[in-house]
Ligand SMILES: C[S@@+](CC[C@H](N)C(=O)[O-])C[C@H]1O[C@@H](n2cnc3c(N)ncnc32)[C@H](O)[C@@H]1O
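Next up is one chain by itself, shown in structure tokens, the form predicted alone.
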């Protein structure tokens, strides 16, 4: 049986976790002279070209500055405001730069994040993104990453079963399913549903213990597949992705969507569980901070609904919709007609 949902959702915990990136974003912006670069208002692309920094990095950084009140934006153009002019410009007698510069050495992973934002690369101390991309992951890392993902996903997994309708799904493939918390929660809620967790072999080994603890070993199994190099199993009428698309570039997401479309049975659905950006690509803060976090160990970002619609439509999916699922998450659903 699924555990009962807590009396309060987990958004306060998310707020604490994501708050650590507030100071990092300001400190990085000061070191990269982003505020100086915006003395003349500029779009994201214009600022990236002007400062010779990665557009991907600026797309992660500028929303964080706007959501904290240090930038304004109008018709796609970012502007300094009274707050940033008073405290973030070197010429101001009230400049806070030296304070943030001194604190930089105490911020976790600061140098790595700075380089990722500046250059648009993805460097992480233990390289989990590289593991999925290469199709090989050290067993110890697989355990660490799977436990990490499970801890911030399990509440949303159980919550999803209370808010979203998966009736009619007989066989569900949980793509990159990790611990299988979503597959297990859905199987517990829908006793006729069969679920398969598709992930790297090392992750599947970890997932088996989670499945057993959830009491669904009779209806949830694992299948070791390198999703970028090996054939996907067929015969499923739903593909479920949680926090997968945000790991990858739009081009890679298009590849994954096409693989799902080709492998799904006619009438099947694809489901994406993500924290969505609003259509302006700047907020809300949880999406901006999570997207900033994605620069640390992934190739991706948080997406807007329109961006995900474009990805899914290009693969052939129809009837695309979204609904709030639990906490800060939304579920985007589309069908193979």
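Positions refer to the first chain, counted from 1. Small disclaimer: the values here were computed from a predicted structure and weren't measured.
Omitted from view is the form predicted together with the ligand, to which the following refers.
Judged by heavy atoms within 4.5 Å of the ligand in the predicted bound form, the contact stretch among the candidates 165 to 173, 241 to 249, 110 to 118, 260 to 268 is 241 to 249.
Using a 4.5 Å cut-off to the ligand in the predicted bound form, each of 149, 182 and 200 places a heavy atom inside that distance. Contact between residue 153 and the ligand in the predicted bound form is found at the 4.5 Å heavy atom cutoff. A residue is said to contact a partner when one of its heavy atoms sits within 4.5 Å of a partner heavy atom; residue 228 meets this definition for the ligand in the predicted bound form. Contacts with the ligand in the predicted bound form, taken as any heavy atom within 4.5 Å, map to no residue of 250 to 270.
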